[in-house]
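Below you will find one chain, with nothing else, as structure tokens; this is the form predicted alone, and questions on how it binds or moves follow later.
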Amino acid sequence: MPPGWKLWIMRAARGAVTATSETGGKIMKIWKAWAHLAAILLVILCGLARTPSADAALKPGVAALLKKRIAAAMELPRFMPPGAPFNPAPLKGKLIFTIPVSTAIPFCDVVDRQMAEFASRAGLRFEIWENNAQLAQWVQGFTAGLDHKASLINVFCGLDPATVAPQIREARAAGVPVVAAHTYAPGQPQLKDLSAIVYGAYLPAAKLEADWIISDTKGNADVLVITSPSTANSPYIQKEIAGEFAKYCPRCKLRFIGVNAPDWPTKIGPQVQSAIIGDPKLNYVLPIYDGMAQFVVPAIIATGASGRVKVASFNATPAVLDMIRTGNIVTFDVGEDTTWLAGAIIDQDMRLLLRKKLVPGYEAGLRAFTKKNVAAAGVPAKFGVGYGASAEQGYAKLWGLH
């Protein structure tokens, strides 16, 4: 509007009434009606002038900060040495025995194999206990590890140490240290009998997911967050997400529902559909693990909301990255550099066996994927692709394996 537009409208309306009063009759009535309409228009325009646009929902400083964080996260992760260099030669021939939550999970399988490669290069032996996420199999794994004269046992990839606490105590009593890897989030209560920990990067990923949604919706987010209460780190991820929204977008709307892993195939879809139908302003679903996305996306499509409701998540599972590349519903997925993670676990294992100072707060580097950079993960996408070679080179240098 030009300067003084409000005054101009008022004067025009008043002038119209004055001029037409000289002619009397019907013309006077018509101009009075126009004057009344002009007054109504003035009220409407004043109201619009005071209403912030959607783009103005975020303070400029916050918007710039979030965009900067997201842009940095989309770049190749830069490996940072976790501690002082050391020589692994004294460990030659020792056995590291790893019990993942399940060898049927592709992510676990990939990191297991990368751990085996790192261990071999450092001169150690490495064994993976094959299992299908059964408690009895995990218990048998500890028996096998001790029978095979393992120097160290890893419980890995979401296997909650509390479920095998007696076996961990038995191993420690036999002089075999036990490391929990990629199960705990920082700040989460930990089993006291563990020898060392390598954290999953759950909390930095949760912050990035929240930052993306706040930025992508320009501060007008209406989000359904799906957690998995039976997973020990789930409450901490939920708290981190809620905290990031409270800090940067208190006006955004968050709703949390919990669906445990065995119920994902049957309960996620109906709950997502119900949320979309019940909230016409819902514009994002945030499943805290992207293994849930395969049940979220069909529910969005079934309700005809694919133009309105988007998805952001964590894990960079190849099938979900392909959804970003080929579709428009999944817009954002954060992944851990699997090479970095595998090296972090072997590095902590060796430091423990060599009685070196352990690395606190150990986490792998992350990379965020959107439509702009997802092709870097492969076409089709693959686990462990798209993170560069800095971690592999960094660990080789750290351990003197050039």
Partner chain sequence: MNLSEAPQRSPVETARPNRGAAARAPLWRRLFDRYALLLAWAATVALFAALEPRVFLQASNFTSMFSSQAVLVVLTYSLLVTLTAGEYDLSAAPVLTLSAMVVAVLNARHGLSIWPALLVALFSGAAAGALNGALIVGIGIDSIIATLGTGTLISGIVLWISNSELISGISQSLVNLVIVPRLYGLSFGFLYVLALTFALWYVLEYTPLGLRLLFVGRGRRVARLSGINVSRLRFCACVAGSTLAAFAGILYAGTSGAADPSSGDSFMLPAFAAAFLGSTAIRPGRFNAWGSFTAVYFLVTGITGLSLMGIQIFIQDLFYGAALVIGVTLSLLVRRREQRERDVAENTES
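Residue numbers count along the first chain shown, from 1. Fair warning: this is a prediction, and the values are worked out from it, not measured in the lab.
This protein has a second form, the form predicted in complex with the partner chain, left out of what is shown; the following refers to that one.
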Look at the candidate spot formed by P106, P265 and I277 and say whether the partner chain comes within 4.5 Å of a heavy atom in all three of them in the model of the complex. yes
G258: heavy atom within 4.5 Å of the partner chain in the model of the complex? yes
4.5 Å heavy atom contact, G83 to the partner chain in the model of the complex: no
Any non-hydrogen atom of A242 within 4.5 angstroms of the partner chain in the model of the complex: no
Evaluate A319 for contact with the partner chain in the model of the complex, applying a 4.5 angstroms cut-off between non-hydrogen atoms, and reply yes or no. yes
If we take heavy atoms and a 4.5 Å cut-off, which stretch out of 288-296, 205-213, 69-77, 177-185 is in contact with the partner chain in the model of the complex? 288-296
Within 4.5 Å, heavy atoms only, which of P90, P166, P270, G123 is in contact with the partner chain in the model of the complex? P270
Which listed residue (A246, I301, A144, L135) meets the criterion of a heavy atom within 4.5 Å of the partner chain in the model of the complex? I301
